[in-house]
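Given as C-alpha cells, the chain that follows is alone and in the form predicted alone.
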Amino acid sequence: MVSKKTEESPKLHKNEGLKADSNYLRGTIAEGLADTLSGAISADDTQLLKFHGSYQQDDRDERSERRKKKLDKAYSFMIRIRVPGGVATPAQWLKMDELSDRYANGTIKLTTRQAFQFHGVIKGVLKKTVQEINAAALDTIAACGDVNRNVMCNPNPHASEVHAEVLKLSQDISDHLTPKTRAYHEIWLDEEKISGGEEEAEIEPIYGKTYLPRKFKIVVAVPPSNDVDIYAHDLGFIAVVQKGKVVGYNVTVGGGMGMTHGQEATHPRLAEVLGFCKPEQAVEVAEKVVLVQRDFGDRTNRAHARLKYTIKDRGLDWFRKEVESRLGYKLLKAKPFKFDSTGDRYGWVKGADGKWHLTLYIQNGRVKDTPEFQMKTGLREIALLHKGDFRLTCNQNLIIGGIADKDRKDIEKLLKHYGLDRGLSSSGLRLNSMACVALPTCGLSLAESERYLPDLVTELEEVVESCGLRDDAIVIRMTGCPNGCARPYLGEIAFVGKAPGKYNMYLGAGFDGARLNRLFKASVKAEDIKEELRPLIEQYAKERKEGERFGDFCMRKKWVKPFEESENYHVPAVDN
C-alpha cells in the first residue's frame, strides 16, 4: 500500500496557541497580579494583558545601571483608556488628572488614536487604577491586542452640525466590536466567575477563541477634514453630508502604517475605497469586514497579518465579494468627496449650535506641569467650571468644546492666567508636528521621538523663519521605530528611528493624507538633519507654485522616487 504524502499546513504563530489556550483572555493574569514578590508578570500574560488595555514596560534609561547592580528591570505598566470618538466629560478629565498623579507618573498622554494613556503605573496599583477608570464610565478593554481598538472620529468644530451623528456611529461600532468575554470584568472588577465549563458558558460571537490575527483600527471622517488620517487605517467611514445631514458613508479598507526595517515584504499601505453604505448599515458593514479579516488574515506571520496584506494578496474585488456575501446585499458606488488637510483647526470656532469650541495645541499630546508652564493645573481648573466636553483630537491636541457665550469669559480668564493658549502662536511646522512616545518606556523604540522632536522643530524653525515660511503648515512627524504609531509615512517630512541618534528621512506625503511619502535618505544623524533639510526648504520658498504644499513640491522636484501606477502610495480622487 502506497501512502500519499500530504502537504502540511503552515505552522501558526505561537500567539495563536496562546490565545486559544487563554480561556478567553484570562490566562493567569489574576495570579500574576496577586504575586507581590515580583514587579512583572509572565511573558504569556504580558501578551494577554494587551487585550485588557495595558503593556508591561520598563525604564530603559535605567536598564544599564540596574544591570550593573544586578537588579531587575524597573518594571511598570502603560495603561491605555478607550475614548470612542475622543469625547470625554469634564468629570472624566478630572478623574484622569487625579489618577495620573496618584498612580502614574503625573502626566496624561493624549494619543494619536484619541485615547488617554498613563505611564509608570506599578503592578501593585494596576488593578486599582483600572477599577477607578471604570468607575469614571471609561474602560481599557480592547485598547490594545488583536481586536478592534479605539474607534476614532472627526472631533473638529467645523463639522459640528453632524458631529453628534458621527460620534454616535463611532461609539456604536466600538460597543458592537468590544470583546464579549467576561475575563476583563472578573480580573479587574471582581465580577464572579462564570460557572460551568468554558465551552458551555462563554462564546465570542464575532472574534471566536483566537480573536483577530492582529490589531484592527477603525476611523470615521467628515470631509473636508482628514484629521483621522483615514487612509492609514484598516477600516474607515467617510461621511457624505447633504444639507447638513449624513446620508451615508464611503467605506475604505486596507490601510496600515507598520513596517520592519530590512524586510521589504513589510510596508505602509493606503486604504482603498470599497463602496458606499447607508447610515443604518455602517455597524453591520464594520462587523462583516472584521469577520473577513478574522477568517482570511495571516495567522502564521504576524508581520503579514494586518488587513492591508490580506487585501494586497487577494485583491479589493475579492474582498468586496466576501464582505457583500456576508452582508446579503451589495455596497453602492462611492460618492464624491474631497479632503483638504490632516491637521486641526486651532483657536476659537463657533459651531452650528451657537456654542464655542477652542482647540489648544498640546505638544506631542503630553499634558504635564513644569515650573515654567502649569498646563495640567490650568486644564484642571477649566474642567472644574466647564459645562461642555473635552475632545481629544487625532493629532494629540485638545478641544474644549461646547462653551456657551456666557461661559467663554471665564474660560478665557483661565487661559490667560495659565498661558494655555500661548501654543497657538507657534510656527506652522510645530503646530503640524506629531511624535510617538518612544524612549524611555517603549520596548520597540530604536531612537528618541517625543523627547527629541520639539528640539528638532526649534532647530528647523530658524530655517523656515529665515525663508519667510514661519506660518506655513508643513506636516512633520517622528517615530522611534518603523511601526508607525505617529503615522510618519503620511508626513510631508518624517523621521523614523533606525538606531540611537539616527533616522530614516522621508519626504513627499500629501497634505490631505492621500499620498504616502518616500524614503529620501537612510540613517541620517540627528545632528545633520537641519543641514539636510535647509537647502530643500530654501528651494521650496523660492520656487513653489501658488498654493503648492511642501510634499507636492518634493514630488514635483523628484527628490524622492516617483510613484508607479501599480503601487499603493496614492489614492485617486472619487469623481462624480
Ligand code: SRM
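Because the structure is predicted, anything quoted here is derived from the model rather than measured. Quick note: we count residues from 1 along the sequence shown, nothing fancier.
What comes next is about the form predicted together with the named molecule, which is not displayed.
- For the named molecule in the predicted complex, the listed stretch (257 to 265, 290 to 298, 328 to 336, 271 to 279) containing residues with heavy atoms inside 4.5 Å is 257 to 265.
- Using a 4.5 Å heavy atom cutoff, R113, C442 and R487 all lie near the named molecule in the predicted complex.
- Interface residue among K376, H163, R80, K498 relative to the named molecule in the predicted complex, by the heavy atom within 4.5 Å criterion: R80.
- Proximity to the named molecule in the predicted complex, taken as a non-hydrogen atom within 4.5 angstroms, holds for one residue of F511, F520, Y540, Y55, which is Y55.
- Interface residue remark: Q396 is counted as part of the site for the named molecule in the predicted complex, having a heavy atom within 4.5 Å.
- The named molecule in the predicted complex comes within 4.5 Å of no heavy atom belonging to H357.
- Interface membership of L235, defined by any non-hydrogen atom within 4.5 Å of the named molecule in the predicted complex, is ruled out.
- Using a 4.5 angstroms threshold between heavy atoms, H119 counts as touching the named molecule in the predicted complex.
- For the partner-free chain shown, just N483 of 465 to 483 comes within 4.5 angstroms of the named molecule in the predicted complex, judged by any non-hydrogen atom.
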